[in-house]
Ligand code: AMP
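Here's a solo chain for you in structure tokens, the form predicted alone.
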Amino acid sequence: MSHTHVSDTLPVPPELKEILEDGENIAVITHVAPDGDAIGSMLGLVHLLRERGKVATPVCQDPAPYQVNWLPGVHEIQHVIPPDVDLLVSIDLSDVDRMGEPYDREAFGHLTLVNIDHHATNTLFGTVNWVEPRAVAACEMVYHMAQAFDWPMSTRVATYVLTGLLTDTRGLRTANVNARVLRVVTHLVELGAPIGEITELTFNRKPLSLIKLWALALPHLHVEPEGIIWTVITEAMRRESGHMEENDGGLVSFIASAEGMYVGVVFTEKEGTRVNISLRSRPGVDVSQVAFALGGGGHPQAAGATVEGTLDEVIPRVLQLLRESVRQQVGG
């Protein structure tokens, strides 16, 4: 068996250092309905920049999800871009629309926009684009950037980065985790990031309201002959359970783990006539292209989109796309 050594570094565009060091007042923005990697990479980069003497503001349209709302500094996240910024950095988002309401093209379109992302579906919308699909998380890119620029990482930054890295790899359990990633994790732990505490707070705790929401959604489980398992979360379910957060708290991963299934889907009804679609699949089945076709994006095994329409309109359309995709990929 041949062993190929996995390089410990991912290349960072050299011009990035100059751009970041020239900026004085920098906004770092991540995607709507953020996950742990979005929050971790944004706060990690903000604090790296602050430690370099910059004014840096974390910006996100929506609040941090419960999994990471224990992180220090979460309360500092702004919902608007400060008017006096001179540089904009987007992190962990694959297209301009994922910035949501804070990004007004008329107000901020003249600024240099640095696009840092690890999604293969990225549309390269930045003035400068650093898109690295080999990275398992945007947080891993923040780590390699600090290493390449010789920026020391505090325990606080290491904690942010490890949190995002763990959440995006489901606790180092995804197929893209390799020796390089484990070496990064080792270094972050050496820098003081508390891996046991992060794991406990991020994976092992759920609000009671979320458990109640799952209890309402699971009776609506459907299994398609093509190995697609799906359910819905309605506005009424969210009100009844008291869980009003945007994300499903891992319900889609839970149902996708069912034996014999290729794809798990959760359709979440949103305000107005919009539906959020969360997709998970087993290794070997790529759901990112279906998400992309619906105007979203993501990874081969974890992707999503938000589409206009009611549940009754959206569900048949998405299931049809998924059936065709699964048949092409696995036959049958």
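Don't overthink the numbering: it's just position in the shown sequence, from 1. Predicted model, so just to flag it, every value in this text is computed and none were measured.
A second form of this protein, the form predicted together with this ligand, is not displayed here; the remarks below concern that form.
- In short, of 195-203, 91-99, 229-237, 151-159 it is 91-99 that has heavy atoms within 4.5 Å of this ligand in the predicted complex.
- Of the heavy atoms in Thr30, none are within 4.5 Å of this ligand in the predicted complex.
- For the chain shown alone, His299 is a contact residue for this ligand in the predicted complex, at least one non-hydrogen atom being within 4.5 angstroms.
- In the predicted complex, this ligand lies within 4.5 Å of some heavy atom of Ala305.
- Heavy atoms of His243 never reach within 4.5 Å of this ligand in the predicted complex, leaving it off the interface.
- The single residue of 110-135 lying near this ligand in the predicted complex is His119, the criterion being any heavy atom within 4.5 Å.
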